[in-house]
Ligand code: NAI
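Heads up, the chain below is alone and in the form predicted alone; it's given as structure tokens.
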């Protein structure tokens, strides 16, 4: 019998197995497709590889703004995809090596919970394994709504999810993206740079979901300057053989497409047989507390499968908390300071409350919004100057409760802001900190000092 069985080899699963092995537990990891999960194979890392190539290509097209003349340049999409695969394969190999070094037993199979004996019993390709504890980390899958023609589009290869489009080796002339969330925006940004005519159709009146609305609007305008079209407040009503039809302001409009990306969101995927051990599931997600415990002692859930925060870095933290509680260490997840990033050019990053969520929660706040032009390095390295940094502070306590920004290096800067929120730092605390100069991260300090 294993001390722990982990179902799923994505960020939450493989890190849980690795941490548990470091604690001296005997661990079995069951993964049906590939180690690294969606993040490493079909999401976080592949998209960032593509977006980095697009950024380099964009610089060559506009080098004259920096005094650099590039006589000609082109983006070889097939070569970009090949590099993406190389990066992915190296990282997957690294994960596999770390797990083997920890003597984790890897089962390359779909795991199904079959019941209980002395522990929890899981079937993997017909082989039954048993564990004293169980961590469910089976992730999520794309939402595919019942839009007429959508299923047929998938079957014909005309409609794709992030999985298929990341392996496509040609650039479509016309790309329609259904959904203006993170995945849709990142793919829209890449294929726009690669030469596609891109249209994004979103039901909401804004893009980028729950991000700060002012920043979302700046991002939209930045995309529009590059030629991306947005149809907001629009509902897709059907998908044809070479088109998408949507309703907007009472009218039905058809837009032609060579490829359609369905990026409408993701939903948790609980493992087969979960009902056999009585684990509570709500709307497809496994219910957990802040210690990652389910309603069944000895059973935990981490990552997208619990539906709390569908981000790889959240899954990492949840995995560590689950393992710590298994081995008797007190630990819990705090969700108030988890940063989120959109890795387009410009980058968007935020942590904590937005103006909208703070207002909804009834929190009285003060805010400071400053232009990225307050940063000398930002000015030196950019020609578009519409980036901002916004800091929210609780009026009563002067604690920093949210930081949101759009501009270069936002993804790297946001961790320092997350520490401020996590540690409940006050404005006076940050004013005493020294920021390196010249850096873009100084923008946070500028915003802090603008607070009254």
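Everything numeric here is computed off the predicted structure, so don't read it as measured data. Numbering follows the first chain given and starts at 1.
Omitted here: the form predicted together with the ligand. The next part is about that form.
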Original post:
Should residue 202 be counted as a contact of the ligand in the predicted complex, where contact means heavy atoms within 4.5 Å?
Top reply: yes
Though only this chain appears here, would residue 279 touch the ligand in the predicted complex if you measure heavy atom gaps against 4.5 Å? no
Residue 223, heavy atom within 4.5 angstroms of the ligand in the predicted complex
no
So, in the predicted complex, is residue 111 in contact with the ligand at a 4.5 angstroms heavy atom limit?
no
Testing 287-295, 74-82, 357-365, 308-316 against the ligand in the predicted complex with a 4.5 Å heavy atom criterion leaves exactly one stretch, namely 308-316
The ligand in the predicted complex has a heavy atom of only one listed residue within 4.5 Å, and of 124, 341, 270, 95 that residue is 341
Note: exactly one of 263, 138, 216, 375 sits with a heavy atom within 4.5 Å of the ligand in the predicted complex, namely 263
Of the residues spanning 208-236, the ones with some heavy atom within 4.5 Å of the ligand in the predicted complex are 234, 235, 236
